[in-house]
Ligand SMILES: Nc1ncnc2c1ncn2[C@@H]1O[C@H](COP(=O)(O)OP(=O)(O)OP(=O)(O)O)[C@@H](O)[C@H]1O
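Heads up, the chain below is alone and in the form predicted on its own; it's given as structure tokens.
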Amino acid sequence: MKFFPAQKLFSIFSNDMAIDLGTANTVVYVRNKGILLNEPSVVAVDANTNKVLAAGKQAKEMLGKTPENIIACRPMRDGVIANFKLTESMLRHFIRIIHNDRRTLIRPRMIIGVPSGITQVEKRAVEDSAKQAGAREVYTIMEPMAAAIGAGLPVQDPCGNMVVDIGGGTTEVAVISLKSVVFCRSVRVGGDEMDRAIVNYVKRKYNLLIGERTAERIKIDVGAALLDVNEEKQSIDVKGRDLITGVPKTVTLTSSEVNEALLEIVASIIEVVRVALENTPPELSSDLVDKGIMMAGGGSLLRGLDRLISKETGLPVQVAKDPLFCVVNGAGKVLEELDFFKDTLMSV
């Protein structure tokens, strides 16, 4: 009969998790099993009892469509917790889904990706929320560090690795070497700001009020950071409420109009990249000439953004293989090889 040491036995039955607790989506990686959950960071609760009615995709369908007795909202804003109670309820709900609604005897360890610009109070809120949801121990890792590991960059080597992680609430730009962040800048601009920019543009130009879910669909379908002159113009029909007459109406938006709406947001992202390059030590800058910039996060999927950043910086730019899952895959790799990557975790 084969016997396992106690520590090895514990790891076999462990449900340790790595979580990308994002503004737009929450992705959960379970040790030795991979990604088991990818749901929108949305929760719907009963206004009278605070009981969770739905979370994830089901709750997202309710956004802007609920009666007075149901509150559907996103408890994460700009990459940090905006509503502690709802975040805890959402996390608990997702953990139950992973465990097939069974209560587990083993409280998992969790590694959670957080923005590099997070304050101690915001970081404590993340840790407390995870513990209330059932975690035994909580570690945090900078999202750009996790994204770099998840994208397969050699962060342990003495060379410059630059990552641009564009999430729903934040854009993180970091230069990494020897498992440490040499320079990092975080701005609270991301996919959500792009959606709001589209909402404001349509409101200003067409006196049409649309929701953020509609704006997100416009961004995905016809949004572009850089228009190709040889490419056929794309367009999309947009439905909303006319602010003058108060009745529903439809307008047609072209890709060039959406590009105009996103110009300011895209300029902010490029400016952050420039600041990071200006503050990179010369030896590491020389590495970036050959290695270039790695892009991660859902925002990096905006059409033409990689080409525009390459054009503005003169450096090669590539989008990671699975940009939406870079942070959680990186945090999962840290979870699997905790001894090797322990230096990448944020101190308390």
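Values in this document were obtained by computation on a predicted structure and should not be read as measured data. From 1 onward, residues are counted along the sequence shown.
The protein also exists as the form predicted together with the ligand; that form is not presented, and the subsequent description refers to it.
Not displayed here, the ligand is kept clear of N15 by more than 4.5 Å at the level of heavy atoms in the model of the complex. Residue contact with the ligand in the model of the complex: K219 places a heavy atom within 4.5 Å of it. In the model of the complex, G169 approaches the ligand with a heavy atom inside 4.5 Å.
The ligand is not shown here, and in the model of the complex it never comes within 4.5 Å of any heavy atom of G56.
Here the chain stands by itself, but in the model of the complex one stretch of 299 to 307, 312 to 320, 64 to 72, 279 to 287, 299 to 307, has heavy atoms within 4.5 Å of the ligand. For the partner-free chain shown, D20, G22, T23, A24, N25 of 16 to 45 come within 4.5 angstroms of the ligand in the model of the complex, judged by any non-hydrogen atom.
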